[in-house]
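A lone chain, given as structure tokens: the form predicted on its own.
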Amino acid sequence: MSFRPVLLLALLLVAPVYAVEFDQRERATIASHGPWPPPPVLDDSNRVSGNKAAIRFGEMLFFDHALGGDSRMSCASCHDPGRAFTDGRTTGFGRTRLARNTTSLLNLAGNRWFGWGGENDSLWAQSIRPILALEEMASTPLLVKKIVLGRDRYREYYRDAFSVAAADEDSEILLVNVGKALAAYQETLVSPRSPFDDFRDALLAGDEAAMAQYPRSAQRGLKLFIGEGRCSVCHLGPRFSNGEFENVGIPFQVPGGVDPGRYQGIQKLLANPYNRLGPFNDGNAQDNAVATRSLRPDDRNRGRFRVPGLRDLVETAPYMHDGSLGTLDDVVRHYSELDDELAGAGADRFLRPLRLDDRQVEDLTAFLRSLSAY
């Protein structure tokens, strides 16, 4: 063997095997998607946010079928821990089939709005909603109080968390506190670290050996995600979501009409007695309800739905507010092949067909998969 091939082989053995270069701007964007896990975020509208007794109480309530009006459903009936706290269905199913896909409960702490249309402005209000909804758990404040009073452990945890005996509480106050305990538990539900997180940290540290463990296709997909794909315009930050609402070109027709999305969500939120503007907010509404106070229904919000976080995507199929896209490949091809007329009409102005080739579809899908712990 000549000297030149030997030298070439040696260079190949020591050269980094990662395939994608990221410039300074791209590195900054990648850095902004971490660190993970994030530091805990407490909800100042919920005085038991982070309270250990409330978390224990909320966890027990979450799996208790008795909380439902006829003991058929618990919170976990639709939010299965084995499915990243979703149900795997196209749309949810309680006493009747629901019009929207069941969202994951992972990584909710610190969010401003909850529900596909942002119908609630706190996690505790969002937790109350299915308890009372006739099409879901169909319970009542009186029944919830009866359940809490009927269990020694519930009475104990209630007193530990709220410093008052459950028997002395008004039934509506007790219902709200059950919602706050459920929220305290759900705030602890955080996605595990993913291959992307390891790559991000290695990139920032300049650890080329660790960077090389991240698949080349995922690296190319990441570059596309933060670059010409413009995905990070909405899917930003450690949770990969801006927490707001967009029209991404998914039809919102439902039996009997259309799903107004954020437009109706604002109406429901402002009419909700459990919103942050009401008497059950434990914090300073002048500070923590500013965003709610500024809301007004606007026709521009029709057809807009909450931008979901992208962590643990592999476990949360199907996708979109109506569950209409069954796989991550379907999601990527939706944005790739978006109809030009739809993009120019109802969808938000930044949305344009990506026109990806097959390799780019594979790369972007590989990156999205890397946001799950596999």
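Residue numbers here begin at 1 and follow the sequence given. Remember, it's a predicted structure, so these values are computed and weren't measured experimentally.
Beyond what is shown, the protein has a form predicted together with a small molecule; the following relates to that form.
Between 162-170, 193-201, 112-120, 146-154, the stretch whose residues reach within 4.5 angstroms of the small molecule in the model of the complex through a non-hydrogen atom is 112-120. Each of C75, C234 and V248 is positioned with at least one heavy atom within 4.5 Å of the small molecule in the model of the complex. Exactly one listed residue, out of N288, T102, N301, Q267, brings a non-hydrogen atom to within 4.5 Å of the small molecule in the model of the complex: T102. Proximity to the small molecule in the model of the complex, defined as a heavy atom within 4.5 Å, holds among A53, M320, M60, I30 only for M320.
In the model of the complex, none of the heavy atoms of R216 sits within 4.5 Å of a heavy atom of the small molecule. Residue contact check for P130: one or more of its heavy atoms lie within 4.5 Å of the small molecule in the model of the complex. Using a 4.5 angstroms threshold between heavy atoms, V48 stays clear of the small molecule in the model of the complex.
When contacts are judged by a 4.5 Å heavy atom cut-off, Y335 counts as touching the small molecule in the model of the complex.
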